[in-house]
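The chain below stands alone and is given in structure tokens; this is the form predicted on its own.
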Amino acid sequence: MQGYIKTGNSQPAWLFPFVVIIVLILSVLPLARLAMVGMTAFADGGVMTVLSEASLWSATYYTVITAILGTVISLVLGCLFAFLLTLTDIRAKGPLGFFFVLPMMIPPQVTALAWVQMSGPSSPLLKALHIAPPLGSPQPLYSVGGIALLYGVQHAPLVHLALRAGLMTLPRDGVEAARLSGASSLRVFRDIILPLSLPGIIAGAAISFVSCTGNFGIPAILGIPASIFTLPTLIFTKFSAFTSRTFGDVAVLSAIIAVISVVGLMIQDRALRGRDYRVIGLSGASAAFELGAWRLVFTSLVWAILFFMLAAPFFALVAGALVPAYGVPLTFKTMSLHAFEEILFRQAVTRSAFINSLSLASATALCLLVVTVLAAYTLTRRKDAASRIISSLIEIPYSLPGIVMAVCFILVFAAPIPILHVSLYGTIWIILIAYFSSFFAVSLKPVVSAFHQLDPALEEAARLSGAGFFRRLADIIVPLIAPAAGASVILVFLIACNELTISALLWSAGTQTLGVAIYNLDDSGSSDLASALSVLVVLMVVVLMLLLELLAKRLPKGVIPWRG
């Protein structure tokens, strides 16, 4: 049949080259540009100048130490919730899982702002409760420990999700055999569950470490006031004081972040070596432990943790939004909705941020959906090495810290585009293209899952009846993958709408996003406005997650991250 790869193949001949070109533009070009600038800096001797700066080694130390401590905290919290929610008969597993994953969906700068409002001598909430530390006491979160603590809170859901996936496949037979042999629950956990869980724990630790390394929102709000700079915040400050050396310097700093992330993943590979456990037999549900009298204790413990992770910071954020200034105690006399009125109806900056974030998130989610449907179609139909390479190239930008990808796109679009002589730097389009690159993998995963569940016979029958590619796409494929496509749109919208790290470097006057607006308002001392805007962002996140919950029953397993 003319126009197809070969007779009998349902793929149009243009489809795979089209996907390859998209991946070259979104993944290969920016990374290659970063590598070129780094090599140029090396050839000019600029690398040695950067490496000789004390600020570089100080930032590298703080990046590594906060990432390690944050990973340890996320491991403790993530493992506790994964074991309890997957293997025990604790009640309300659904709501517990939903609330525990929520911090991962909330922008990190909002998390940091909420915890600052919750602690310290100027906390409006603590003052209202008359338990605030005396004036003059230091803010405990402006420290290495404070940054690490919030890294742990923000990334514990990643450990939970990685470990939970492995726990869902634990061997039912092995656990029952051990119990019939008289082994106690503690012995079963120590000798069977824990060894088989190690791959999931190690994978969760690696993901958490890489995420901590590239985090910008938390160290920007907690670290900069205490002169604690991590590599992402050092890159931000170098862009703020732009010089002729800036591009070379940030290319080297970005390369160091990428190296730290790769080292973390290499350690994970080494730790996983020889731990490829293949589970034989039935798996899952009956591996649960009965907590008995301990159920009340563990139930109280996990709800108490969620209270301090979520509820208390959110109440503090609301309190901070209701008072006229940070440090004013919340009373009926000081309480007002002035900050909400200001950001919704008077402040042009916040209205512009809402429009920009919603527009960027919508455009990213919808445009990527068109590309990912075509990409998922060709990648699931082809089983060759080329399709595996393309799949890996799509994953790379999402696995790299956002600050590195932002630097890549600045380097690509710093000069006008050749031939067209159009400059994208300083416009909203550069943010949109960077979002396309960073969230391509997020958009692709649910759609690929749906394609794997499709029976190719349906499409094949339509093709033999003479239906063209776009007709089959419109009448057969799209209706069948519609729920997964909807989930893909909501997930990308959710992540893109709250993004800060990429837009922090790429925004300019008139193109600020919600994440940038919150950071700038807090940085300029308008903590009440920053808190009010953060409250609205958190509510928006919760509504979108509830929408995904409503879609859950019609989606392939694994599409919604917090559901088993």
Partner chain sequence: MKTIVSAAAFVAASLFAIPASAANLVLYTSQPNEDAQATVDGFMAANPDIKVDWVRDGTPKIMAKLQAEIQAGNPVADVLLIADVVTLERLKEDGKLLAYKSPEAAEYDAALYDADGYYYSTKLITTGIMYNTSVAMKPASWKDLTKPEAKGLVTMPSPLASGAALIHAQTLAAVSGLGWDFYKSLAENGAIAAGGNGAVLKSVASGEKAYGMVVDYLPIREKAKGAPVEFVFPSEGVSAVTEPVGILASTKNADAARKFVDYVLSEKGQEGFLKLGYIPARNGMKLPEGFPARDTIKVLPIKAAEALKNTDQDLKTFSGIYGSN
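Residue numbers count along the first chain shown, from 1. Predicted, not measured: the structure shown is a model, and the values here were computed from it.
Another form, the form predicted in complex with its partner chain, is not on view; read the next lines as being about it.
*Asks:* Answer with one of F451, F83, F99, Y142: the residue that has a non-hydrogen atom within 4.5 Å of its partner chain in the model of the complex.
*Replies:* Answer to the contact question: Y142.
*Asks:* Scan S359, T299, T380, T169 and let me know which has any heavy atom within 4.5 Å of its partner chain in the model of the complex.
*Replies:* Looking at S359, T299, T380, T169 one by one, just S359 meets the 4.5 Å heavy-atom criterion.
*Asks:* Could you tell me which of 503-511, 23-31, 63-71, 535-543 sits within 4.5 Å of its partner chain in the model of the complex, going by non-hydrogen atoms?
*Replies:* Selected stretch: 503-511.
*Asks:* Given that its partner chain is not shown alongside this chain, does S423 nevertheless sit within 4.5 Å of it in the model of the complex, heavy atom to heavy atom?
*Replies:* Because a heavy atom of S423 falls inside 4.5 Å of its partner chain in the model of the complex, the answer is yes.
*Asks:* Can you tell me whether K127 touches its partner chain? I mean in the model of the complex, with a 4.5 angstroms heavy atom cut-off.
*Replies:* Taking the distances in the model of the complex, the answer for K127 is yes, it comes within 4.5 Å of its partner chain.
*Asks:* Test of understanding: in the model of the complex, would F308 fall inside 4.5 Å of its partner chain by heavy atoms?
*Replies:* Contact check for F308: no, nothing within 4.5 Å of its partner chain in the model of the complex.
*Asks:* Closest heavy atom of A415 to its partner chain in the model of the complex, within 4.5 Å or not?
*Replies:* Result yes; A415 sits at the interface with its partner chain in the model of the complex.
*Asks:* Between 322-341 and its partner chain in the model of the complex, list the residues on our side with a heavy atom within 4.5 Å.
*Replies:* Going through 322-341 in order - heavy atoms within 4.5 Å of its partner chain in the model of the complex - the hits are P324, A325, Y326, G327, V328, H338.
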